[in-house]
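Shown here is one chain on its own, the form predicted alone, set out as structure tokens.
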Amino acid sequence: MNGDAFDPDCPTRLILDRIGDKWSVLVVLSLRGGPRRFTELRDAIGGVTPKVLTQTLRAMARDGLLTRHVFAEVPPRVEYELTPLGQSLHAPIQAVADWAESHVNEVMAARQAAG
């Protein structure tokens, strides 16, 4: 059964909320090269608080987009990695990021013109 994003009762909208969130987008892009630790993700993304990153990572794990691996070491080591489902998001998200980077000047000029 396929979803219908235009049906207000369809759970597809919950998925769009998740993948449309800027932090989720940046997490997917940051994990494209493989697993990363929390601090590596925070540093790569920039501007995200630890609390917000933690909430984003938990939500993405709940939605099956990434996994959290805890290694039995002292001190404990935790890595995050995209699942196959999360990896399937990389290409569409990269396309949107590429578009945003290519058109940032035009969008900012339009905003400034609109006042």
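Numbering starts at 1 and follows the sequence shown. Remember, predicted model here, so these are calculated numbers, not experimental data.
Same protein, other form: the form predicted together with the DNA, not shown, and the subject of what follows.
Contact annotation for Ile45: none of its heavy atoms lies within 4.5 Å of the DNA in the predicted complex. Not displayed here, the DNA is approached by Val52 to within 4.5 Å at the level of heavy atoms in the predicted complex. Mapping the unseen interface onto this chain, Arg68 counts among the residues with a heavy atom inside 4.5 Å of the DNA in the predicted complex. In the predicted complex, at least one heavy atom of Lys22 sits within 4.5 Å of a heavy atom of the DNA. Within 4.5 angstroms of the DNA in the predicted complex, the stretch 90-110 places no non-hydrogen atom at all.
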